[in-house]
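Each of two forms of one protein chain follows alone as structure tokens, named structure 1 and structure 2.
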Structure 1
């Protein structure tokens, strides 16, 4: 029986949806769990289950909860004589966007040697930066849409063939995303996107594009997949609508697809997942255009861990919990310094 510590919050545009996500998982995860909230000052609090309500956080009431601290091998409560360790077997990274998906939390958990479910540092950086996602996908022979990146300080602005989609290079969800059909809209869209990131990604916009999502993990027994979902959308999901996604525990819309498309989607997922994303429950969002599947983005900490896409989410948690990436032990023995000192003393 595993005990989980669900870590949520963080300094991120998705801070609030991380709270919603954690509240959703409270009822979804059957095994024992505790909740650790990272607030906007990056202080950690241990939150009692009965306090897992949105208002407890938005009102600031959470500060009455016990503050805890990261140290080697765990989170600790301060105590007069010896700090008291918070007991759990595995952390679950449930911080969406910055802090959770950009490698910061993964690094902290690695540095302090805490076992966790979630993307490792490399996987985080590759999925958080949309250009790195494309470069990585191409090295795995997974197609993505062609693109252009521009920096806020570039002297020349590109003249794209409209319509185009404009996205901040590094954000999750659809924050700062726009579609531009002409030069005016394009310039406005750039201004919006540059509010969120100094780098912006531009892609062709296709009206007839289809979207499909697939979540999954790899365990000792091979890949375990969710259904392939065809998300409901109105041209492109805006942020408010995507927000709702993070509180879902039912109601996914299963895509009706021919087997050759399904197998393209599975095969792309496997190429992306292995071995970089081991240890994480990820959702890959795909595009389909003229019967060809393209990777759109990788969500290494999807809203409420995409639980609503799986037949048995608790089985997914069990499987991944016993298949986390192994750590490599580095032995520090001062052989080199000792050998120099030995020579000096001759």
Structure 2
């Protein structure tokens, strides 16, 4: 039986979203679990389950909790004679955006040899940058919409064919995202996006485009999928529509799609997932235009781990827990140095 350490918070524009995700999973995950909060100073705190309330963090009251720290094989707390290890079997990366989805936390956990559910370093790098995502998808023969990337300091700005979508290159949760229908709106949208990132991605906006989401994992028994969700939206999923209701545990809008479209979505998901995202519960967001499926984004740490899309989320945790990527063991025995010393001593 596995018990989990849910790590959340981090330094990110999505810091508060991570807190909401963790509070949501408090009652969703049925097995034993502990909660580890990373604050804006990157200090870690062990949070009691009864304190998992939004105000506990916004008020700074969390600082009354026990502070813990990382070292080899786990998190520890200070004790009188000997530091005491915090007991858990697997960590769950629940930090959205920077720190959690850019590979920083993955690097820390791997450096300290801690088993975890979440994207590995390379997967994080690919999915955190929207241009890298498109290049990766292309290498897997998964189509994406055409795009441009511009830098804040470029002297010449493009003159796109309106309407267009403007997105910060390295940010999720639809933060900083805008639709521009003319030059004035475009220039304003750039100013907004550049508040969050020095690089911005521009895509054509299609009013008739459909959007579908699919979450899943690869287990020893093969792929385990969520429902295909058709998000309820107007013209575009902004921050409020996308995330202020993701704390729900039920109520996802299952898409009614023909089998050939479902097959396209499954095939694209599998191509994206293997082998880079093994060990993570991911959600891929797809577009459909003229009966063709395009990858929009990869969410390597989706809101509330997309638990509301699965029939049995605890089964998903069980399955992925038993199919984490194997670590390559390196034996350091100083044979080379010892052989040199042996020769010198002759």
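The term rigid core refers to the maximal set of C-alpha atoms that superpose within 1.5 Å between the two forms. As the structure is a prediction and not an experimental result, all values here were calculated from the model. Numbering follows the first chain given and starts at 1.
Trainee: Go through 1 and 2 and tell me the one that is the form predicted together with a further copy of the same chain.
Mentor: It is the first structure (the form predicted together with a further copy of the same chain) rather than the second.
Trainee: Note yes or no: does the Cα of residue 322 move by 2 Å or more between structures 1 and 2 after the core is superposed?
Mentor: Result for residue 322: no, shift under 2 Å.
Trainee: Can you read me the CA shift for residue 334 between structures 1 and 2, rigid core superposed, in Å?
Mentor: Core-aligned C-alpha shift comes out at 3.7 Å.
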